[in-house]
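Presented as structure tokens, the chain that follows is alone, the form predicted on its own.
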């Protein structure tokens, strides 16, 4: 079984561009797509495991919200295999959850992790020592983001950590344009054509809504996190950790 086909979804000209959706076509190419589209993705996933090793406590829950094919879930599972914990992956895309289940079975983790095909806004968070929200919040409507983060904060145990990874925007328009251009250069270096870049960007318009790092920091502090800051950034992609006070 191949992990991924090559991403050629936007290689041919389209008369109209539908909004991006995590459907069967995307699932088939997702590992290739995200590796070639998100600078630093593999580092963020690997370090999510490193953070899990430090923060996940025995007999607590560890969540991957917007788990897609379970990359972060697998990293957290491997890093915490020495302790009893309950792993939960949540995604509202049925094709993603179906494929994720196959991957967990292949990795002999099907009994270690619970997968839920549900809206992360409605899934209860409880007894959590770690929550990963990697490239998921950006797809949530702006007006719903604070409530989701407040729910995560309430469900985290004291000392628990949230890993929040996002595509970000910048307040300075010239700098924002530069970061977008550098991201496009990254995609070209990974084999995407200008047509693919343009059509994919059109598909993501009004679907993926980035915010500034300061907006993320402010919201996380408002819901109660004691310690918030960036631990990784490459161009307009960044990851923050937010820790609930003891």
Ligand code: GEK
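Keep in mind it's a predicted model, so treat the numbers as computed, not measured. Numbering follows the first chain given and starts at 1.
Not pictured, yet referred to below: the form predicted together with this ligand.
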4.5 Å heavy atom contact, residue 232 and this ligand in the predicted complex: no
Going by a heavy atom distance of 4.5 Å, is residue 129 a contact of this ligand in the predicted complex? no
My question is simply whether residue 87 lines the interface with this ligand in the predicted complex - judged by any non-hydrogen atom within 4.5 Å. no
Is it the case that residue 139, even though its partner is missing from this view, gets within 4.5 Å of this ligand in the predicted complex, heavy atoms only? yes
When you measure heavy atoms, are 51, 55 and 223 every one within 4.5 angstroms of this ligand in the predicted complex? no
Out of 161, 113, 96, 79, which one falls within 4.5 Å of this ligand in the predicted complex, going by heavy atoms? 96
Contact segment among 129 to 137, 100 to 108, 171 to 179, 152 to 160, judged by heavy atoms lying within 4.5 Å of this ligand in the predicted complex: 129 to 137
Scan 154 to 185 and write down, in order along the chain, each residue with a heavy atom lying within 4.5 Å of this ligand in the predicted complex. none
